[in-house]
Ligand code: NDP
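The chain below stands alone, shown as structure tokens; this is the form predicted alone.
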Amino acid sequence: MFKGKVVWITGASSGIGESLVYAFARQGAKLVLSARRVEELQRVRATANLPADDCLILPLDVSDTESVATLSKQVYDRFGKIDILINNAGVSHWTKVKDLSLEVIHKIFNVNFFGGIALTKAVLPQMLASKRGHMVVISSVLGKMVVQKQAAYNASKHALQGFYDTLRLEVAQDGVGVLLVCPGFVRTNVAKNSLNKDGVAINQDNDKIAKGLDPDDVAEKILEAIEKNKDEIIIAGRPERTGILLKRLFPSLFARMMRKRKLL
């Protein structure tokens, strides 16, 4: 299905994004790799053994929404189309609300929500005109439940759910698929890169994330979901799936349990 398809992946320099690059490369896709660190994108391209003609390294800070139009034009100029957009870039934090500054809240939302929305808006017209394409959004199980000290992150993922569930309804008859991916604990650097109250990475490991799912397995499940044109997938272990179910069916019980739970 993916041979010759043009796939634009943000957050492609590590974690799930990096694993997605390898998975699509094995399928013969043409890839646009975006993240802030050019040297890491070059490493990923080399590891994926991507031919120069089939890959475009496009440095991007997703919070800089004003650059999106120019960057998307570069993709169209190079490949003529975008078949799949994967909004994967994201950042978390580890701060109670009472200590959380508006500056950090804005930073979380600019990366996790507004950046991806800007890319979606830039790519959507072409997909609608061609009556084909796929929007893939890497959300989180925390778009369906919450944990302490991650209020802005939780809220940004809830916002993604609302926005893209709505978009899916609106483009259902236009040949454009919208997939929401809700991972649980995955072995990435998301915990170490989480921001403190001053907006600085905490650089602290998290045992649950360190023992989480293999990002390569997560990537394969995402490709399978795109191929099957699914609306949403939850890729998580039993604790996260149980939490989502409790939140939905027994919200008071869920709240009592989560008051006592610590992740770090």
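One-based numbering along the sequence shown. All figures in this text were calculated on a predicted structure; none of them were measured in a lab.
Beyond what is shown, the protein has a form predicted together with the named molecule; the following relates to that form.
Contact residue in the predicted bound form, chosen from 209, 48, 56, 223 - any heavy atom within 4.5 Å of the named molecule: Spelling it out, the residue with a heavy atom inside the cut-off is 209.
Position in contact with the named molecule when the complex is considered in the predicted bound form, options 111, 136, 176, 75, heavy atoms within 4.5 Å: Of 111, 136, 176, 75, the residue with a heavy atom within 4.5 Å of the named molecule in the predicted bound form is 111.
Interface segment, criterion being heavy atoms within 4.5 Å of the named molecule in the predicted bound form, picked from 60-68, 197-205, 226-234, 24-32: Single hit among the candidates: 60-68.
Three-residue site 144, 164 and 242 fully in contact with the named molecule in the predicted bound form at 4.5 Å by heavy atom: Heavy-atom distance to the named molecule in the predicted bound form: none of the three under 4.5 Å.
Non-hydrogen atom contact residue 193 with the named molecule in the predicted bound form at 4.5 angstroms: Because a heavy atom of residue 193 falls inside 4.5 Å of the named molecule in the predicted bound form, the answer is yes.
Residue 90: touches the named molecule in the predicted bound form, heavy atom cutoff 4.5 angstroms: Contact with the named molecule, yes.
The named molecule contact in the predicted bound form: residue 186, any heavy atom under 4.5 Å: Result yes; residue 186 sits at the interface with the named molecule in the predicted bound form.
Stretch 147-175: residues contacting the named molecule in the predicted bound form, 4.5 Å heavy atom cut-off: Heavy-atom contacts within 4.5 Å come from 153, 157.
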